[in-house]
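Following this are structure 1 and structure 2, which are two forms of one protein chain, each written alone as structure tokens.
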Structure 1
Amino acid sequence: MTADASSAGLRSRGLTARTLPRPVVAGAALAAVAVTFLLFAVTPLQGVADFLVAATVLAILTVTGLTLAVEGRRRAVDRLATSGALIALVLTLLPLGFTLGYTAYRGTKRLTGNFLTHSMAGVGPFSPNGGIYHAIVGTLEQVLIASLIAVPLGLLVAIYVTEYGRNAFGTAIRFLVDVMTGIPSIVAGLFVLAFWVLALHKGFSGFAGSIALAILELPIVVRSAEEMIRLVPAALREASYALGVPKWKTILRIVLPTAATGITTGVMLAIARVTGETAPVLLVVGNNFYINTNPMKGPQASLPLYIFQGAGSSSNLDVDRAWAAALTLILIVVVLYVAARLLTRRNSLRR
């Protein structure tokens, strides 16, 4: 095939043999930013946000037009779609970045060793002392008990609906899990309040909060584990069955280890979601300025409730303590997530 015929074939498919060098693409984007800056200098346009939007749009249009002229329509559409995806990613991450950054900025002012190892017992509204040790203990105990209830039960339900539940009962379970996914957190708290606290006369306790958190955590664990188990190739199951391995052992030794990383991620997302819940804790756990290490008896503090009350206080000291507690809560979730991923990776490498 001659060079002319090859070029004609490329053009017929919307392609071209010429490619824009990366420095040219970067130069075109910088030129668009310079033009935007000039536009804002000589016109009434002003504002940082307006400048960023105008510069981004002009840069995308410039690069896309240049690509269309040099590389062809298909590459131009591809570059436009890629730019749009990158902008969507940045817009998604910006609020998260600003939230984390501002929380870290405000929280580090009060985040000290004394703050983490003392409670609010005997601390007045205008005292700079006090800490969140009692709230950390309450949060860890409540989330741990909720996870001990929700995670094993959620995994069993996910295994049943994916491996055994191809019937009307399995369909009913999936429908119930979907309904539970949309339950507001305050509804779970009201249910536990009506049933456990009032009807059974158990009173406020950390365990009551754990029940409410387990109700919220369970559907997330089920749905995430179900999707991960479904992604395990059927060939692995068939190979195990061909060797005479029972189904239950195939699930235990083949399916679950293969899906372990995804299941761990789903479980950590569920734990992260319930760790910051305030409404159930406010309704059924109560509050306690003292250290209560027994989740089965008496009101117990928690970080979400501590943050909620401190943020609404008229004292700047309480507000500062609330920011530090919020940063601590974020760090606890990060540590738990990283530890779970490292443990999963270590087990995977051992196999």
Structure 2
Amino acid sequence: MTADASSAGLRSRGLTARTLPRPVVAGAALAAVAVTFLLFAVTPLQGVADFLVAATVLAILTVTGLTLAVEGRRRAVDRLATSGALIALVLTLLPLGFTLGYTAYRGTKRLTGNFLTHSMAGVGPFSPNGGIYHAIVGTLEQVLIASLIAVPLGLLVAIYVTEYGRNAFGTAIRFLVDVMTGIPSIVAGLFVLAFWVLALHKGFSGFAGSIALAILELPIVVRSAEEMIRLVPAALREASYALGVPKWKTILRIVLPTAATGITTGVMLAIARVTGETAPVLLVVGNNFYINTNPMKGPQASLPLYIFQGAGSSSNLDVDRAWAAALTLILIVVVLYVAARLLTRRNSLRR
């Protein structure tokens, strides 16, 4: 440190500013935890959650205070921000862990082969038997039909928006699709109730549920397909045009196959999303304890609906079955989700 630097008052902010070694920081945090432990041992404070919260707060206060004293205000604020970000991460992962963990814990009790292959037909109020076969059949059919409606339609809309819609109409549709993503699922259900069940007198059916699910699935498919189609390099298209291939054939043979992996990912995520939707299904499929394989006629069961009704039941047997059904539903959704993510890795199109 030279004389003129110190005379200018730069000493504390120079390159040799005092810094806390890492072990000291870690030590201070550990000391705070130890003090908290002592507090909980001596005073009437108790509880695991309380201990964790108190220890975290005390550790952050200690470390920040120490930094403030040694390194100055700016570094102290920086440390505080880092701690804040870390706490946010923990607060995000905690509910994920607790939801998945607790569902697995409660669900495995009843989740057996018998549970998966039997319906609730003839299951008395005090019988621990019964299963979700009818609900799985219902959900699979409803989601399949919804996807058969939403995926082709969504692809066409995405193609229009990206390839043909460079005009006011195209912009308007893009905007409306964005607005559609915000439609609450219960409103989609109410629409189908008002339109299909009440106005057209079609009654409750699995297909009515499919329409509602398709409304929710459509914007997700459009947006992901749109994004993927936009990522297809212009050079590919131009090469095709240069060979005299018409635009529609270029789209079908060059653009869509190139974007196929990404589009599939988006479709799988969309399916994962609507598989767990309860609100629209609740209003229009009816519910049924028996196996109804015909989605066009008569009330059908559905996995989310089964869980909802089990949750609201006063019977512990129903609640146990609801947990097992919830575990099944989560497994289906997570498998779809992970598969979609793994597929993303194979996607050659990147932003």
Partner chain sequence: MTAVSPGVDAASLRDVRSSRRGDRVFSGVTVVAGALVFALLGAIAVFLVVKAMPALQHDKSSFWTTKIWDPDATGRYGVAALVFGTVLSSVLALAMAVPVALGVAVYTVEYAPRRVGRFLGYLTDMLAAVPSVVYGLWGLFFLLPHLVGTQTFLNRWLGWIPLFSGAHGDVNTFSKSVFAASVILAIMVLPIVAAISREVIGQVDPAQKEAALALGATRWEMLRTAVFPPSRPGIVSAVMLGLGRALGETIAVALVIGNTFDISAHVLTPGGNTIAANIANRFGEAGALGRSALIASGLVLFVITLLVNLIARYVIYRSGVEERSAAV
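Only the largest set of C-alpha atoms that superpose within 1.5 Å between the two forms is called the rigid core. Values in this document were obtained by computation on a predicted structure and should not be read as measured data. Residue positions are counted from 1 along structure 1's sequence.
Remark: the form predicted alone is the source of structure 1; structure 2 originates elsewhere. In the core-superposed comparison between structures 1 and 2, Gly276 has its Cα shifted by less than 2 Å.
With a cut-off of 2 Å and the rigid core superposed, Ala59 has a Cα displacement that reaches or exceeds the cut-off between structures 1 and 2.
Core-superposed comparison between structures 1 and 2: CA of Gly101 displaced by 2 Å or more. Its Cα shifted by 2.9 Å between structures 1 and 2, Ile332 is reported here after superposition on the rigid core. Superposed on the core, the two forms differ at Ala49, whose C-alpha moves 7.6 Å between structures 1 and 2.
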